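Have a look below at one chain only, the form predicted alone, in structure tokens format.
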Amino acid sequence: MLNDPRSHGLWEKTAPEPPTTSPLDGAMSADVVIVGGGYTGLSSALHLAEAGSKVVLLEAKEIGFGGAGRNVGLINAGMWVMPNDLPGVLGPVHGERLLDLLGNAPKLVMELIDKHQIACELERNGTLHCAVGADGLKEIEDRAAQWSARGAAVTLLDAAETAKRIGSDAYTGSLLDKRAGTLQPLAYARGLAHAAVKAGVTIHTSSPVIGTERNGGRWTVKTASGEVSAEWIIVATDAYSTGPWEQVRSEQVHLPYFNFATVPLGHNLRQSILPGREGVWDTKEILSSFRMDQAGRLVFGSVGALRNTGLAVHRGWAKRALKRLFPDIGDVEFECEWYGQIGMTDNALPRFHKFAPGVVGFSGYNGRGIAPGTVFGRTLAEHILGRLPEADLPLPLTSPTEPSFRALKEIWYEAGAQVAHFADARF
């Protein structure tokens, strides 16, 4: 996007076109103005419009420009935090609410795709969280036990079954989550935008918000060339926040993440590598992930930024790591390469903020944007519609706070990933 082939890579190349939009020009009135055209903003817009609300969505760049158009495409259930740890962090009420909501979030994603016939390469065959070594195996065993105790459709697989499903003997086991799946992330975002427009939502892109003003019981949200008056504002800008809600970005430490997409693999390789088309990620601290798209391209990623010296370092590592995982793949050629930023909170959990009366938002998805963003968007719609009081929300109300040494941590993550990949510190 914006003439940068490393911003959205394969996803921009293969996604259907977004709905036709234009910058905001002039004055408008609505019930709700939504700032941000990612999963949260689009989901809340769609659910509000379907309930009869008049909605205007303002996006600073393009639909799916942030994490929604750059991520790996795994429809995960839950968060990184172990299920049994959530009540201890959030309290028993909010902890169990969040587990229930996010555990069922992939189901909502798939229901919306079916309902609105979104062409986004949906695969419903689950994901595999793969164990590296004995410590990794212990981690997924604990995770499997904790989710199973809550009735989740997860299965612990041994090394042999894992190798059969992946086409590599690199792992000591894996956790198959049958609730989950994969999709083409930018295509999903654009599909939600089409559904929202069809439901009556007005979307303006290239319309960054530069200020807000309170007038009685309503807000005026201003851009360079227009303004929208509304009773409610949903802040759905997350890790790419700028302008009036830059504090949302400041609350998160940016963790860069890249992806490389191979050229379409031959028939034999497609039959041996991920024959069930599950999405995969491992238990390493500097993790890697991979999945197959419908054309047979293997999408392989890890922590790091494809800029400056990082481009050559991470590209070289990706080729070596793929050959180590799948010896028959040979010297692969990459068709696309791209990267973005994951917003990490200090406890690896999302946040609910009320920035002012009538100004609300969820943020901080910690690399789990697809399902949480979608279900939190619906949650915001239900809250604004009066169906879900603040006391019944899945997260407690908190104020944005900047983590200690945020800038230094971001420098360290980018540099540390380069060092690790240059040294080829993987399996």
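Computed from a prediction, not measured in an experiment: that's the story for all the values here. Don't overthink the numbering: it's just position in the shown sequence, from 1.
Omitted here: the form predicted together with a small molecule. The next part is about that form.
Contact here is defined as any heavy atom lying within 4.5 Å of the small molecule in the model of the complex, and by that definition not a single one of His129, Lys284 and Tyr413 is a contact residue.
The contact residue chosen from Val72, Leu86, Ile140, Leu157 relative to the small molecule in the model of the complex is Val72, the criterion being a non-hydrogen atom within 4.5 angstroms. In terms of contact with the small molecule in the model of the complex, the residue from Leu380, Val33, Ala68, Leu46 that brings a heavy atom within 4.5 Å is Ala68. The closest heavy atom approach of Asn104 to the small molecule in the model of the complex falls outside 4.5 Å. At the 4.5 Å threshold, heavy atoms of Tyr257 reach the small molecule in the model of the complex. The shortest heavy atom separation between Gly136 and the small molecule in the model of the complex exceeds 4.5 Å. At a distance threshold of 4.5 angstroms between non-hydrogen atoms, Thr242 is in contact with the small molecule in the model of the complex. With the partner left out here, the small molecule still marks one of 206 to 214, 89 to 97, 326 to 334, 267 to 275 in the model of the complex; by a 4.5 Å heavy atom cut-off that stretch is 206 to 214.
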